[in-house]
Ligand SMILES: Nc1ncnc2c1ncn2[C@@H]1O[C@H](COP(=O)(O)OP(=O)(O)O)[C@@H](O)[C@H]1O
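Shown here is one chain on its own, the form predicted on its own, set out as structure tokens.
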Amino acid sequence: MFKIINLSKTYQHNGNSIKIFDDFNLEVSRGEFIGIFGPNGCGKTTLLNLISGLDKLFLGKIKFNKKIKISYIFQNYRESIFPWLTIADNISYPLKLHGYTRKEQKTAAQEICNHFDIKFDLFNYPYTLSGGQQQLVSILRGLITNPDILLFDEPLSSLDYQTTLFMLNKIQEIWQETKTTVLFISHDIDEAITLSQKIILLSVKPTKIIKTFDNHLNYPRNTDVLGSSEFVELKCNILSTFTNYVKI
């Protein structure tokens, strides 16, 4: 799907030049679900910004195998949803930007909700929804253009545990249906293991890939998987490598 080749990225802080990436390399295949885990401040969000094109100031190359569509699901759904628009208009907003008619936008919003069995009153406004439902609106908005790549930046960090479990199931369901290439940042290793085929462990700055862990647990991964010996073994391996490297 794409390659990151010899990526270098710096920023200025208090007159000092801080190097986030130095000769960073990554290759992502079509349809992969990749979890990204690493210490705070290592550049996880910066990496998604570079892949998405929001940040174009870097050295090296990010090469895509064709012209692609990218959707970005931000961490703070409260800031990414438009409170003055209806739920339907929020979901279909990308179609508005692409020149679709009002009727086509409404139809597409209803169809994507029906397809994934998500029951919203599309004429209501976001304030009527729970936090998890609002984040689900932002995910549907990301999916409505049939993207080639879906970027998640800690989308579950503001949700309660029950809602997080629901969202973990729903994200799995959506990915298994669409097979969209996904990069999923999480500060919660359980989330990363539950969702991902691979977990990429990042170092402190300047950021490198410490190790990539393959995850062979079968989908769908429900709450029973969280207590399985395979899940616990993988989690221990990741955390052991992480703690040894960052010297916690």
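Just so it is clear, the model here is predicted, and its values are computed rather than measured. Residue indices: 1-based, along the sequence shown.
If you look for the form predicted in complex with this ligand, you will not find it shown, but the lines that follow are about it.
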Revision key, fill the gap. Answer key: of 211, 205, 69, 30, within 4.5 Å of this ligand in the predicted bound form (heavy atoms) is 205
Study note, to complete from the structure: With the partner omitted here, the residue among 239, 18, 225, 232 that in the predicted bound form has a heavy atom within 4.5 Å of this ligand is 18
Point to revise | Stretch from 190 to 198, 214 to 222, 175 to 183, 44 to 52 whose residues place a heavy atom within 4.5 Å of this ligand in the predicted bound form | key: 44 to 52
Review point. If you check in the predicted bound form, is residue 65 within 4.5 Å of this ligand, heavy atoms only?
Key: no
**Study point:** Residues within stretch 52 to 67 having a non-hydrogen atom within 4.5 Å of this ligand in the predicted bound form
**Key:** none
